[in-house]
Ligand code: G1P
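In structure tokens, the next block holds one chain alone, the form predicted on its own.
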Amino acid sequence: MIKKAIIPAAGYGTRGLPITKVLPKEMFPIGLKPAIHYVVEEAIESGIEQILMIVSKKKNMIVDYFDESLELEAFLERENKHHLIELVPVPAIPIHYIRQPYAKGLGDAIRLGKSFIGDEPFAVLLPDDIMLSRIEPALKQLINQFSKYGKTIIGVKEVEESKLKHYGVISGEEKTKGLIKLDNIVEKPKSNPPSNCAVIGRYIFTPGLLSVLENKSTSVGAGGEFQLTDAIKDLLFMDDCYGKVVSGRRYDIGINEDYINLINEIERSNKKID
């Protein structure tokens, strides 16, 4: 069973400039909650029992958001607004934090979680990608596959060809419906992508990935960063890895159109509940 998850949240958020100069992209509001709240909820609903967030010195807002606020709770008690206390976000599981001194890439961020993970398989959730599913959470779909195969499972979705250049793209052989045994993965292909299946920011890794990340800690990949995709490519030579086509709607909050569509989707859902 997968009990631990890493949420990397230390990037500069350059796609969201200028607002990300002062507001972390993970805190972009979606309804009355920030984006990262939905990702934490997905992790908890999928059975995760501990989370490690990789943050930077400019992401204290994230830490403050999930921290207890005794002053606020005391104020609500004093003003007879007890019903609002349940809205104050206090996660049901422990959230730990570690700072990434310099945003050198996703691979470097995950490498920092080695002591937290130990020798266990673990999940990674990218807070840029918000997944909405009526059946079961996206991460839980990957965990279900991991329980069958015990191998690295990467969440993927079919994406329009014009957008593939923004993502990691996989290729491989479909073993069962919606499950692909990987033979290659390419980070942000500028031309000739290997397929139309893009990585969506949900992963289950075996602990072997951490050894690969340690060995590649000085490597530079696409964009001059230490890319997770390059480590996965190396992992393919050591062990089987699979791509799982995830059911549900995926929104990349780094894309304005997706962000607006997500806000509208949440508003429609809230109206149905009301």
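Each residue number is its position in the shown sequence, starting from 1. The model shown is predicted, which means the values in this text are computed figures rather than measured ones.
Here the subject shifts to the form predicted in complex with 1-O-phosphono-alpha-D-glucopyranose (G1P), a form of this protein not shown in this document.
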Contact residue in the predicted bound form, from Lys104, Lys188, Lys151, Lys181 (heavy atom within 4.5 Å of 1-O-phosphono-alpha-D-glucopyranose (G1P))
Lys188
Looking at 1-O-phosphono-alpha-D-glucopyranose (G1P) in the predicted bound form, do all three of Arg15, Gln227 and Arg250 come within 4.5 Å of it through at least one heavy atom?
yes
If contact means any heavy atom within 4.5 Å, which of 45 to 53, 61 to 69, 201 to 209, 239 to 247 contacts 1-O-phosphono-alpha-D-glucopyranose (G1P) in the predicted bound form?
201 to 209
Give a yes/no on whether Phe122 approaches 1-O-phosphono-alpha-D-glucopyranose (G1P) to within 4.5 Å in the predicted bound form, heavy atoms considered.
no
Report whether the minimum heavy atom distance between Gly168 and 1-O-phosphono-alpha-D-glucopyranose (G1P) in the predicted bound form is within 4.5 Å.
yes
Contact with 1-O-phosphono-alpha-D-glucopyranose (G1P) in the predicted bound form for Asp108, defined as at least one heavy atom pair within 4.5 Å: yes or no?
no
Is it the case that Leu126, even though its partner is missing from this view, gets within 4.5 Å of 1-O-phosphono-alpha-D-glucopyranose (G1P) in the predicted bound form, heavy atoms only?
yes
